[in-house]
Structures are given as C-alpha cells and as structure tokens.
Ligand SMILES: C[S@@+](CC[C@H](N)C(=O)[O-])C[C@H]1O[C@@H](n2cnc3c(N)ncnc32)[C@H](O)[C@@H]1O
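A lone chain, given as structure tokens: the form predicted on its own.
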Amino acid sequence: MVREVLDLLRAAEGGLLLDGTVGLGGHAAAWLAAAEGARVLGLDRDGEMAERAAANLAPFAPRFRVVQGTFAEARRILRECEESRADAALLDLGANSVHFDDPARGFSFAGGPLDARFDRGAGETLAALLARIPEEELADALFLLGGERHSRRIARALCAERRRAPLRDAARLADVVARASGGRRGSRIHPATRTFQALRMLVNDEMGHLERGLPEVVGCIRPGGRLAVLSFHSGEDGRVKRFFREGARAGRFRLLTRKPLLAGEDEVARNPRSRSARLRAVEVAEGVEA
C-alpha cells in the first residue's frame, strides 16, 4: 500500500520521514523519490534488515540514515541523530517476508533453529521461551496473539513434547501443532500459522512495543505532521484504532482515516500478505507537545 501511505503522509511535500520499521526500505525509497528535499531516518530492530535497507537506499545518499533500534525509543534516537522533529512517521508492523524466507531465522515452518527474534543480539530465543513458559500462559498467548481456537490443546501438546525432548527445531514445532490442532497440511492455511504468529509476537514483545511506541513516535512529529500505521493483526489494529480515536477526542489528533484502508485486489494478487493489511493515519494537532 505504498501509494496510499505516501498520499496520507503528503510525501510530495518532502521533509523528514521517521520510518520506524524500515524493513528493506521500500516505503523509505518511495518517500525519497517523491521530492528532492525529502529525507528519511529509518529504524529497525533487526540489524540485518537495517543493513539491507541502507544498501537499497544507497542511490538516495546522503538524504537518509538507517539505525538499528526500536520505534519505542524513537525520541532518544532522534536526538542522537541530531534531529528535532519529523514531518511524518510510518510504522509498518509485523515481520517482513524476508524473515520467513530464511529458515535460519526460525520464523517459518521449513525447519531450522527456533529463534524468531527480530534482534538476534538481544532477548531470549523462541526455544528458550518454550522451555520455561507455563502451559496456561502459553495457551493464553496462542489465543490472544494468534486467535488460535485450539490454544489449550496445542499448549498441552507442546508442554508434553518438551518433556520428551527440548523444542529446538521449527519443523518439529509445526508438526506437533498440526497434530494437536487436527489441521491438514493441504489446507490453504498451514495449521501452525496462528501458533507461529503468536509465538513470534510473544518473543519480540510486539504488543508491548506498540503500546509504548505509539505515544513515543507521536512525540517525534511536529504539529501538523502525520503518522500512518500499517498493521496485519487484529489486536494491533484495535490498539491503533483506540489510540487514534482517544487522541482525536482529546484534541491531539485529526483522524485521516475513519475506517482502515485495505489493499486492493491487484495488490493482494501481487502480495498475498497484504490481504490482512489495515492502514490508519492521523494528523498531529497544533500545540501538541512531545
């Protein structure tokens, strides 16, 4: 939804974009191409992604800077980069397709170590989390973060399996989940999809980062600037919706999207992941202080 993002953020006017989840730099490149004076400060928790984004944006040097870091600490990073306020900000939540393509990262069902961290230099791996999480807490996470209706059954099976041998391989984890849920591998959606989503979100504290990051990023935007958020999970979209509406009622924001914008049929055909995308945006009101 690059065009919709650029239109909402008024990319043609240029200025500084704070791209809080820069990924491979697709949105950042489009922003830089939209106006000669446009600049980008891109952040990504994944240092490998930050390096790839910087390489992809090289044709736009020196109008961009990419830093490994989280948007939940955006104000500190902005100060360290000697910037005051951004003219616009973007959060494209969730994992990048690159994460799923590399079995060594542990995000997919293809096998490989159970890591699933965005930042492989911080926090515990998925294998470590599965070794110590109580069954009830695991079941709650599968239901709340993954919408998995078989969460209790799957959590019970995973805890039984780890008693036999530590869970360390993604393919083995997927097989245990598939058997426990009664799902079939031939169905359109792999039976472990919701479980893997929930575990990834839990390992990376994605809801916590969003909770802390929304007010943090707003504090980086000048009055009259704009914030757009792309979410791919109903819980994330619900949190963004509440934050925006509460801010609008308090006079801090002007809603630019009363309802979320969805990807069109053509985009979904090109990129199936966009099927679940929800885009919301606000304008920061005059007089709002960081």
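Don't overthink the numbering: it's just position in the shown sequence, from 1. All figures in this text were calculated on a predicted structure; none of them were measured in a lab.
The same protein also has a form predicted in complex with this ligand, omitted here; what follows describes it.
Asks: For the chain shown here without its partner, which stretch in 276-284, 7-15, 263-271, 21-29 has non-hydrogen atoms within 4.5 angstroms of this ligand in the predicted complex?
Replies: Going by heavy atoms within 4.5 Å, the stretch is 21-29.
Asks: Go through 96, 197, 151, 108 and name the one with a heavy atom inside 4.5 Å of this ligand in the predicted complex.
Replies: Comparing distances to this ligand in the predicted complex, the residue within 4.5 Å is 96.
Asks: Among 45, 233, 39, 226, which has at least one heavy atom within 4.5 Å of this ligand in the predicted complex?
Replies: For this set of options, the contacting one is 45.
Asks: Any of the heavy atoms of residue 92 lying within 4.5 Å of this ligand in the predicted complex?
Replies: Contact with this ligand, yes.
Asks: Quick one: does residue 69 come within 4.5 Å of this ligand in the predicted complex, counting heavy atoms only?
Replies: Yes, residue 69 is a contact residue.
Asks: Is residue 49 close enough to this ligand in the predicted complex to count, meaning some heavy atom within 4.5 Å?
Replies: Residue 49: contacts this ligand in the predicted complex.
Asks: Taking heavy atoms and a 4.5 Å limit, what residues of 206-241 are near this ligand in the predicted complex?
Replies: Only 209 sits within 4.5 Å of the partner.
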